[in-house]
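The chain that follows stands alone, in the form predicted alone, written as structure tokens.
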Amino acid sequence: MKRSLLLAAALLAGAASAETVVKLNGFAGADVAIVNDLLNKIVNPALAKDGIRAVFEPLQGDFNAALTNALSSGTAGDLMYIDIFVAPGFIKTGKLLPLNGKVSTKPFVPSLVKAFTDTGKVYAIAKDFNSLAITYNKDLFDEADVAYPNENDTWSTFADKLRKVKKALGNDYYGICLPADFARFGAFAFATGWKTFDSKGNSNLLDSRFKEAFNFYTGLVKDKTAILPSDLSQGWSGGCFGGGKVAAAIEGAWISGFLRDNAPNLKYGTAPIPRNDKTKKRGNFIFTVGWAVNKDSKVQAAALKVLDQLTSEKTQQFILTEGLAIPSRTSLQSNSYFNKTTQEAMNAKVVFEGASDGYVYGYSFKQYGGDWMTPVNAALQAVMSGKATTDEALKKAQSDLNSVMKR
């Protein structure tokens, strides 16, 4: 009897030691429950036959700072989140494993693959993403007897609708809430064909196309069709929109969850970003976080299998139908969820399609990071608050940006 128990214990010990544990680093907060749910319901059951178990270890506080320290000290996980905004900096550390030849990128939205590509090498697979869309208040458009924004709108027709809403509803209401932020304005600059960086890596804020978008965006505030979030004591346009006094906002699918919790009775619709009148193109940003593999991982082969499961069609189907995020796989574009007529499903569909419609670029600014946007945002604020003309603001912004890019 005693010998049998010892044998059983030895077998159990052997089984435990044969298990390969893959550690994942990601955000703390709400992501902990979401990722653990994915691991328990889909990823780990699928990997059990290979003796692999994934464990989520969120990094507390400033995630990017914590990840930088962990990679430097050799304590980082085998897989980790990489935000597109900071991806160039992490790629330059040489700590991320190039995935070419190890992971097929064909199933994923091309613009998302491009977002994590540097000099031909792919360093992360987008786990999900967001783009921008027009969210509009149906009741306000109905009350003003103005047609809803739609996929055929150009800058001119869209602005005309906003102005009509404003005129019909009076001084307590606004057509749209616009922040002095390149993260929203940039979509309009891209629609003109302008790019953040030219082929030599320079940025030209004095380009006529940039100025055209700048004048359109700031002009809506100057003629009081639009209002800044801060003027309604809000920190972002979603909060502005949720108050019920603004007819439209430019946000990603994240606004759905906010409205569900904070303005559950607000009836809203979603339309694509309007096309530029000249180019007939839309512009948009890609906001995304990818899964990257630690180049120094001791269990790299197992980590790649976990990555495959974390970005599998089954996993992304779960994420989509749970309303957690927009999937990065092109095959899910025809998913039945997108055919639902709920506000959230219709919003998700427009955001999903926004990633592949027109001039779409990742929300990333090379090695300059957020410093790149600072002069542009200051110029937007100066003009929108009436403290500078467009020419004055852009001239100063170009000078300040040149200084940033020379550091």
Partner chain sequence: MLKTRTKDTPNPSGKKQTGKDTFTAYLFLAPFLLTLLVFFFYGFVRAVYFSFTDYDLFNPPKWMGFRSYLNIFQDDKFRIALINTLLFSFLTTALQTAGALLLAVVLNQRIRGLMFFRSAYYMPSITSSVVITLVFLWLFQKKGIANYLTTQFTQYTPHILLFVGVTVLAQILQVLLEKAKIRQAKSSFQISWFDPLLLWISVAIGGIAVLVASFMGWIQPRDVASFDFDWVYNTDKLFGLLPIPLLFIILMNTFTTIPTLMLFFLAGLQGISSSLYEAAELDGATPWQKFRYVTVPQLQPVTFYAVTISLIGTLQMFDQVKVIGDAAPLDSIITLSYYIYNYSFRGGSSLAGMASAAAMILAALTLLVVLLQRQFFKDEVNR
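Positions refer to the first chain, counted from 1. Quick caveat: nothing in here was measured; it's all calculated off a predicted structure.
Although not depicted, the form predicted together with the partner chain is the subject of the following passage.
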query = How about Asp231: is it within 4.5 Å of the partner chain in the predicted complex, going by heavy atoms?
reply = yes
Counting only non-hydrogen atoms and a 4.5 angstroms cut-off, does Val86 reach the partner chain in the predicted complex?
yes
With the cut-off set at 4.5 Å between non-hydrogen atoms, does Leu71 touch the partner chain in the predicted complex?
yes
| Can you check whether Asn64 is within 4.5 Å of the partner chain in the predicted complex, heavy atom basis? | yes
key: Heavy atom distance at most 4.5 Å to the partner chain in the predicted complex, all of Phe90, Asn377 and Lys396   = yes
Testing 40-48, 368-376, 22-30, 346-354 against the partner chain in the predicted complex with a 4.5 Å heavy atom criterion leaves exactly one stretch, namely 368-376
With the partner omitted here, the residue among Arg275, Lys305, Lys95, Lys127 that in the predicted complex has a heavy atom within 4.5 Å of the partner chain is Lys95
